[in-house]
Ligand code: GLN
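The chain below stands alone and is given in structure tokens; this is the form predicted on its own.
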């Protein structure tokens, strides 16, 4: 065709860090600490629930309720009513989506108009930016910054109240936060969330809160839902993930919990794109939440067992990174750990990357030359702030011990090679 084929909304959003670096890891058969998925199985009880669903008769293989399988929306409403202290209506206040990704897509499509400003706290999960762009919104960025040089914990990274307040204008429609944060691992404290909430209420702004790692917190840190703060239920869109909750990312079951007057607009988008999510996977996630409701807070709860296991693996990765001269930022929550690579000097010999940022060059070198895949942290920042944070790379520690051992061998071999030069 001689005429333009593509819609203009696709311009400037064609590049995707996951597509690029997942393919690079596959091409070089690298040990993959890049992409955020467990390489171990979900707990037995949800695997059995999935098998029971698949064998549960013809209804489990057919369409269920479009906006969420009845058993799942009921279990989500029951569980999160306890957590938020707000009585959640399963049919009006919950929407089940194809993963948290689609929940975010529905939120931006349903709630953001052309010209609306959306404040995005950095570092941010990379899909926020293109999703805002595609609806004609304007992204406004404010970064978390370390309070001191040489920060050793994600707790040291904070929002400036003055800087954040300055970003609100009459055109601001929403703010997007992610807690626990990907890639940093920051878990927002109640007072930090209250500061954000006060600004949302003052300026009559929505809050899109991405909380997919809510059960993964360490060292006594507690996840707080901003929707539970006074005046925030009616303006907060809370995003959750069955894949992250039960270590089953391939099931692609996500959800939105919000006030019915917001959810109804998201349902309009949902019914005109995918319409429906897989029935058996929803049934399995529902049964998982029913079990966790009964065991909540007990040692038998998966929500207690998983972070305990990952606490050990987080420590293992941090020790390894420190031993080879990298400075890890210890995460308070989530799947990931970022590390400061500024003290490491690498002689890049790949001219194809010479115009890229330092962290991109480092990650490509580490993947191609050493066989270890990671992710550059500047990918989680806007162009205006990316240069400030291109001395960090992201590692995923939600992996089998054998995977972490293989990564450690690669890093130690590299470190030993530096010493022998």
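Residue numbers count along the first chain shown, from 1. It should be emphasised that the depicted structure is a prediction, and the values quoted were computed from it without experimental measurement.
Another form, the form predicted together with this ligand, is not on view; read the next lines as being about it.
A.B. asks: Run the site superposition, bring this ligand over from its position in the predicted bound form, and let me know if the shown form is open or blocked under the 3-atom, 2.4 Å backbone or C-beta criterion.
C.D. replies: Site status open, zero atoms under the 2.4 Å cut.
A.B. asks: With this ligand left out of view, which of 101, 218, 79, 168 would have a heavy atom within 4.5 Å of it in the predicted bound form?
C.D. replies: Of the listed residues, the single hit is 101.
A.B. asks: 154, 279, 182, 129: which sits within 4.5 Å of this ligand in the predicted bound form by any heavy atom?
C.D. replies: It is 182.
A.B. asks: Only one of 348-356, 361-369, 66-74, 30-38 gets a heavy atom within 4.5 Å of this ligand in the predicted bound form; which is it?
C.D. replies: Residues of 30-38 come within 4.5 Å of the partner.
A.B. asks: State yes or no: in the predicted bound form, is some non-hydrogen atom of residue 314 no more than 4.5 angstroms from a non-hydrogen atom of this ligand?
C.D. replies: No, no contact at 4.5 Å.
A.B. asks: Please determine whether residue 141 contacts this ligand in the predicted bound form, using a 4.5 Å cut-off between heavy atoms.
C.D. replies: Although this ligand is absent here, residue 141 would stay clear of it in the predicted bound form, with no heavy atoms inside 4.5 Å.
A.B. asks: Is residue 244 near this ligand? Define near as a heavy atom within 4.5 Å, in the predicted bound form.
C.D. replies: Because a heavy atom of residue 244 falls inside 4.5 Å of this ligand in the predicted bound form, the answer is yes.
A.B. asks: Within a 4.5 Å heavy atom cut-off, is residue 125 in contact with this ligand in the predicted bound form?
C.D. replies: Yes, residue 125 lies within 4.5 Å of this ligand in the predicted bound form.
A.B. asks: Residue by residue through 1-26, which ones have a non-hydrogen atom no more than 4.5 angstroms from this ligand in the predicted bound form?
C.D. replies: Result: 18 alone.
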